[in-house]
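Shown next as structure tokens: one chain only, the form predicted on its own.
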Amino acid sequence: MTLFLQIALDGILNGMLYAIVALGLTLIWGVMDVINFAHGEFLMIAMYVSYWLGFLMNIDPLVSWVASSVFVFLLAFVTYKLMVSHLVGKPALSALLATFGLSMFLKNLCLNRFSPNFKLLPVTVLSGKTIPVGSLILSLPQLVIAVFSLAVIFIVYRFIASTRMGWAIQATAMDKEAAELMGIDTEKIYGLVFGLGGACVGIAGGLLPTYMPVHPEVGSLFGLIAFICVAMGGFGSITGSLFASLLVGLVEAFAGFYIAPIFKYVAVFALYLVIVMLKPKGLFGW
């Protein structure tokens, strides 16, 4: 029973990491109906920012995540202004291919400048620390990321549900033309949402160097898992992406332990296929 609970705990902690990554993609997809294929590379850029601040200036990721999130917010905002703004309302394939090109550019830029080698901060405030809870062991770096994830999801949810700007975002997502007739600057809303999506993944990327190495390919898997969580939970549903992320984390953990580590992503993709066949709009889609 202890082993079962430990695996479940690890799965939940991983799921909370996926949740904060998927949150940014949920916002962009739900409001703008745009597939940002460079979402995983934004995470990778945030990890490099946090890593180099730690390596060159000895700033711990517990502090440098602020710089990472701000940097990726600005990167996402500039990306929207220079590229994505011209593709909103066009066929979905246009934005997908454009952001795919951006992801290849960012990945190869980091490959050229930083090499394909894995880079890990030797010492951080959280590295290697655990918290015993009875017979269970909590990884402190993963627990901190899970707490950050819950806090960010709650703040974003309340922001969208309870503020005038949040209501404007909802109105723009429901009907862009009607929102414009009501005096809402939808161009400003789109830029804010794209930047906010980048900031969410920037927070995750800023904290990850506490226990995970950074390299140019690190964002690819996270980006793919985020797509699965968003589609499985329901397009644009924050609650749905959170639930789906936890489900993915649990399936990954149990399949990796009880079947084989190399099988865990096969199980995740199989679960995704089953759910979208039964509910094409996702668990919380409408």
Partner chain sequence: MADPILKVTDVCAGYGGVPVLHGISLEVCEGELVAIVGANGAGKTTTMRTIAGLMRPTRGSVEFYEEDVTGLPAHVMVKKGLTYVPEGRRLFQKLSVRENLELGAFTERNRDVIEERLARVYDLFPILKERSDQKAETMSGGEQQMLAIARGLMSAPKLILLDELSLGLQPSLVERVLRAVTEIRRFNVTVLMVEQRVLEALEIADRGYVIQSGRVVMSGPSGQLLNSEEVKRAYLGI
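All figures in this text were calculated on a predicted structure; none of them were measured in a lab. Numbering follows the first chain given and starts at 1.
Only in words, not in the display: the form predicted together with its partner chain, which the text now covers.
Heavy atoms within 4.5 Å of its partner chain in the predicted bound form are found in exactly one of 144 to 152, 181 to 189, 103 to 111, 79 to 87, that being 181 to 189.
Among heavy atoms of residue 174, some come within 4.5 Å of its partner chain in the predicted bound form.
Looking at residue 168, you'd find a heavy atom of it within 4.5 angstroms of its partner chain in the predicted bound form. Residues of 10 to 44 that come within 4.5 Å of its partner chain in the predicted bound form, judged by any heavy atom, do not exist; none qualify.
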